[in-house]
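Structure 1 and structure 2 below are two forms of the same protein chain, each written out on its own as structure tokens.
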Structure 1
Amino acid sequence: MVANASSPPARAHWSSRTAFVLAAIGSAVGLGNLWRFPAEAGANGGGAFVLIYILCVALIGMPLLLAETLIGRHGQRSTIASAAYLARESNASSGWALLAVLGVISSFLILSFYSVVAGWVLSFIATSGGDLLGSIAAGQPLAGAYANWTVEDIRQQMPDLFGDPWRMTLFHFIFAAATTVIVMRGVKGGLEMVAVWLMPAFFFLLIGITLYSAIEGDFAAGAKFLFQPDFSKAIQPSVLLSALGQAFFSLSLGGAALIAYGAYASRDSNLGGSAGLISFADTAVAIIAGLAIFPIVFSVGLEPNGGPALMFQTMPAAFHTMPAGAIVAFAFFVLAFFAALTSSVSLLEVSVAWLMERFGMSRAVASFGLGAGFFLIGLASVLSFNVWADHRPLPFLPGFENASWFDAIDGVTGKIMLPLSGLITAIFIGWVADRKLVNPETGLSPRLLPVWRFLIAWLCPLAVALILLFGLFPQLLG
């Protein structure tokens, strides 16, 4: 399982520290921020969830992000080999590479349903784009979205899509193919290129839509929903687990993507500073996306429901009655697509880099094989909305008895595998790995280093272990 080369194989690198940070932000900022974060906040009571989420990012996510990138940069190998290398150099068992094995499996599984959700986004780009062209042709470019439709028809789009496995498969395929082709093009020509072009475009669109929402939406109600905590909801262990799982998912932690990206970082990239920047940018985008979405939802008298309905039913219905809604709806889905693509390439890169290194495969063959693999596994998620709607793959797992394939893969990766990989990473870096190797990699100042060491050795493992335990087995609390 573990590469046995003792000197690092020749590896590709990012062209600059900026490219590394942009690519890592591209990995972190994705559907997790736009689709999962507002939906989780909506389902878990708004402000209370947001507060716990921010604490999870600052105290657990950020220290772990630094730990993951430093494993990669130190190893200069693919994820599993990098973790094994640091373990061996620290005279520890290379079994610690389990943290990355879990990561490789998780990111591959996440990609299977991520691509399905990104396919929904593509389908909405197609309908909202067609609608916008129609408005322009009718000489009314500033019309509301789907101007000639009834609200029922607009809301019906999502159930219609979910009930149509062929359409879902088509868009899942297009997204999977785009992801695969980019990863095939390599570190500089593929991963870095999409990040450098799409992330600035993403930020530009996000700011535009947020300003629009502030002017046209009910900003006060949106902000109140996001920032006013209702602590009766916050205390529940299931909410804690959701917030922690969301922090892992959103920061791309536990899926080894940041180990992979760290491995392409050069010696002179300051990892501590980069980890802070990446965590900050990702959280800012989640909150700004919330500030773009909720005021629009409230302004038209709709409720912030959880799940995919928020993005694919409520938002299109809201854009219907808003000025220039057709343009903004299209821009909104394009923005989500850009975010999804820069994340999906990082999810695929993890296993592609591993196959290349472990079996000496060419990048093209590894990308193509794994691309076909996650596309096929994703079909289970496609079918769980229609043909397999009654399948319950995990009836024996507490909390997952009623989960469909889609919910099962999302839930098991997000709530169990990513945090578990993070837990092992924290114990490994906090207790096992040689400090003389680890500390200089961080680039932290003498004041910050002990803070990070405390967080990674004590707070991260304890908090993640407790949240995992009580989140999965709430009956333990009596």
Structure 2
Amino acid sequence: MVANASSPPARAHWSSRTAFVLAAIGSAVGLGNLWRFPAEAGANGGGAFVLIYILCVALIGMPLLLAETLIGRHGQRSTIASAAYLARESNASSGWALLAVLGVISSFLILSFYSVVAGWVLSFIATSGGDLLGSIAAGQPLAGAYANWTVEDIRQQMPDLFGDPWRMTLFHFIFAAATTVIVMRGVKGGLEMVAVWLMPAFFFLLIGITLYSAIEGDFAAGAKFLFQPDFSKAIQPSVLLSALGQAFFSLSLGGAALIAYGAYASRDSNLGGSAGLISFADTAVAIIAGLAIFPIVFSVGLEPNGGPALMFQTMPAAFHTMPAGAIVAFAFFVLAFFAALTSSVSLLEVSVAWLMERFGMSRAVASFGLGAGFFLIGLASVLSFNVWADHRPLPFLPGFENASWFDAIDGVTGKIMLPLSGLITAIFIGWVADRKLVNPETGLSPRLLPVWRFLIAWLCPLAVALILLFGLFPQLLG
């Protein structure tokens, strides 16, 4: 039975504000925090980029994060239904729910390739775990990672994995199954359990690796690379856009996960304060990750780089010659797994909650069906690294002529769907939704409320429109 449009269906809630904040932080913190932010900062002005990034989080990311969570908390429904409900109550067209429709579709598609990447992490957990057990069996638990391998062999792990579709599929399946089972267990037994247990463990491992990096690595060089300001780079439009885009995507905006999680927040949760905590924690993780990674990289004479190569080639090679490298390598990939899993469950919950409410499905059926769906779609991303390496699914779309399946899904969701959803959200909350309904949901003080209203109505739409424009037409940057 379809849920009654006039009253919210009975639904579970987070057991506490702490659980809500931890779950939302888990949704925001992902693999991108571990490889994208540090490299972006180092390549785009160091400390100047970090400063601009923090300003973008405060002035654009946080207001949008609050806007998304209040849509969910006000509606107490699934993402699409919550957006449509607020629109109807504001005497506006329910077509504004397009912001959530885009979020639901993009989250599902993102999950299909995100699970593949998380499968790479599982593969490296298996190899680094086996290496650690071998070191312990040999009576050398403090040996470097992959002690009996050459650096070339260590770097070759990633190309070898890409060339083995069966192995990639196996780990993609394991991760997809784990995500599905957790979401199948519900809000308190699944989503909240993961947040309450894995996020503290994540922070513990991150701090531990950072302390190790400070002691054994070249902390001065890493800090200089990450924080030394280079304002000649920072004033370039491309760098400003990179900081803006990083702030938007790092907080998981546009994907409707925060609307879904907001719907489980109780009425006594202060959304404004929670938005601040979530934004601060996500930013802190990104910066600390840089302090954990770059001193290790520089201490062994390697060059920092971005993307998957940083995590799956550069870091394993760095751990090779470091004391207790086998232990730290295993801990590093477990850390990455925690980040991936807390994000993936939020991505799946978006579409599961909608399917349950729209069609009256049980959580088990909806979770299993959608889990099988994103796993099967993800096989296209798996094959794009080997069997379908030469296949281009979108040759007719400008900017995607040479994109593989993996790159095409990543590009369409990241460059088009997420920013478009964020733009519609900012316009809807800033200009369309009834202020008498929206303002009380924020929990902001009388002094902060006008500031937020200015940012969400004016600055956020302009900033997200720039992300959308230059993402589609990068040549405009010159």
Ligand code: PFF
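For clarity, a rigid core is taken as the largest C-alpha set superposing within 1.5 Å between two forms. Residue positions are counted from 1 along structure 1's sequence. Only a predicted model underlies this, so the values are computations on that prediction, with no experimental measurement involved.
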item: Number assigned to the form predicted in complex with the ligand in this pair; value: 1
item: Core-aligned CA displacement of residue 428 at least 2 Å between structures 1 and 2; value: no
item: Core-aligned CA displacement of residue 52 at least 2 Å between structures 1 and 2; value: yes
item: Residue 242: Cα shift of 2 Å or greater between structures 1 and 2 (core-aligned); value: yes
item: After superposing on the core, C-alpha shift for residue 38 between structures 1 and 2 in angstrom; value: 3.5
